[in-house]
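Just one chain follows, in the form predicted alone, and it is written as structure tokens.
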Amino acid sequence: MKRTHHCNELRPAHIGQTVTLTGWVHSRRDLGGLIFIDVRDREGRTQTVFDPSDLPKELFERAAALRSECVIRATGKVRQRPEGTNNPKIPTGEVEVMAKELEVLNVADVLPFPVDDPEVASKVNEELRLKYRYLDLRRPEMARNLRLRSKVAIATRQYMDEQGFLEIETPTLFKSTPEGAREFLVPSRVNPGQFYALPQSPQQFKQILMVGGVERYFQLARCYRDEDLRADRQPEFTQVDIEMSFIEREDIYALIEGLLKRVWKTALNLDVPTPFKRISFEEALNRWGIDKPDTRFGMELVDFTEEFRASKFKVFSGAVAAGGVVKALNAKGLAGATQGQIETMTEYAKSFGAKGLAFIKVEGGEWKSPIVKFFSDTEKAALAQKLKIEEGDLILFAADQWLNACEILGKIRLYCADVLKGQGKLAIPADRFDFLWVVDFPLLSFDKEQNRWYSSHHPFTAPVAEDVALLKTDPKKVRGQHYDVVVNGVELGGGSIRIHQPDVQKTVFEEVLQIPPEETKLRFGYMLEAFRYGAPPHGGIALGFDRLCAILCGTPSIRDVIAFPKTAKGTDLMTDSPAAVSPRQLRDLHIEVKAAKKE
């Protein structure tokens, strides 16, 4: 059964050689009495020819009976394709194999969907593709994605090894620490009534490794979150997890910029310029309305708080009087937005608590909007000058508290960009990647419902040194040593310099986050104790490996770069899981299930 070449290997230099190929029948065509079969393996495909005048009748009939995706072994001589029949779309398109032998290794049933036609296969319902994932993986597009993922993983390991890091595996059976996303719980059979939790990240273990003197750790870590899913979320996922001792933020920036430079060169043969631009959290919200801005296009937010402070348009002046802001953006060329598109944008505004969406359409030399009559000439002039208003523009406003106003227009900005791209009015090169760091996040956010502060990132993030004194007196002004690396509007990963002093960590837990001392000891006691024995200054980061691969592959969904992903409901359609277990298994685990009965 040994093959001599893979199906993407043969070239004119092989003409005259006898070769053996193994793989799947990609396609079969009957033309002029000859049968042409494209044989495909993971590397590519090669055309084989079966000539009835040169083959035993039984062998030719065997070839004629083949259908797509049968597994075969074919032996024959390589020849130049006849003039005018070359296929420039495939690397082996100048040659073909005149078959002399054929062995059918396995017969395939009729497929539930085709895998030989990229256009047809890409339109197949995703649930059907996931149910028959093993067929979906045969598509060249999926094979390319998995190959690229593997190359990126190898490049990551090589780079981290060159930088002196140790790859260390941390446990996947952990202690429940209900902070953040929901956890998957694992019952213990030998400890009745007690549970492990699958880790949301190796955060605590990697910090303890720093206490243990490892100094430089990394891992392609499997992580788990029992949360609602989206295109870029899965209940189980992989992250490039990193932690370093005796460092500052600059060390992390340099390390990750070097890693991403290596990865982009390996995967796409593109040179990423470094260092990356750095912007503060406040600047990101002010200019783009989001903390992971896509800077490949303009349409930036502009502040008009002072211009409308005394405006006769009470919606704007009232927002300013209440301590809010007035912001606007110019969606150039979108004055022809449909009623449906305006309604979509209005719903985005309402989802943030706004009562509606104010806008102006610039058409036929006029500003068309019911709110324009309230504006003074000075206010109009300020809008025209700061937004560079021209014929065909659509001006959109948000008047609210600062964060809300920014996020409303940030969401609308991205929607407008999608609409303009669909109309061909906004072109972004496929090979353009705008990297940046977002820094100086607020350490804490306030939960009005629970009337308490909570960590914007996680409770192990260190405050900026000069802000430590404000932890007890003015928490909202405390900045965290947290950083996110962003490309094209996607957060690739985030991390921080950690708190390494046990007294500061205890203060954050108990006095700032208001976690009772007994609960602090129960949940984090082992970490606080470890820090008492000499914890070095340390920090780290985690990059979403699936998300990174999806960007490199040019796909919006991480499901396209994971071999066996779950659906948006967290189910595996191929294996039909999750599934019920036997009463005996539940009894051994000391668990009684009280699931609601279906009507």
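Note that the coordinates shown come from a computational prediction; the quantities given were computed from them, not determined experimentally. Counting begins at 1, following the sequence as shown.
The following text describes the form predicted together with a small molecule, which does not appear among the structures shown.
In the predicted bound form, Pro463 stays away from the small molecule, with no heavy atom inside 4.5 Å.
In the predicted bound form, none of the heavy atoms of Gln505 sits within 4.5 Å of a heavy atom of the small molecule. Using a 4.5 Å cutoff between non-hydrogen atoms, Arg262 does not count as a contact of the small molecule in the predicted bound form. When the small molecule is considered in the predicted bound form, His457 lines it closely, a heavy atom lying within 4.5 Å. Contact with the small molecule in the predicted bound form, defined as a heavy atom within 4.5 Å, is made by none of Thr295, Leu436 and Gly489. With the partner removed from view, the residue among Gln234, Thr92, Ser496, Thr156 that has a non-hydrogen atom within 4.5 Å of the small molecule in the predicted bound form turns out to be Ser496. Interface residue among Thr177, Thr170, Thr75, Ser201 relative to the small molecule in the predicted bound form, by the heavy atom within 4.5 Å criterion: Ser201. Stretch-level contact analysis of 38-46, 564-572, 55-63, 539-547 against the small molecule in the predicted bound form, using heavy atoms and a 4.5 Å limit, identifies 539-547.
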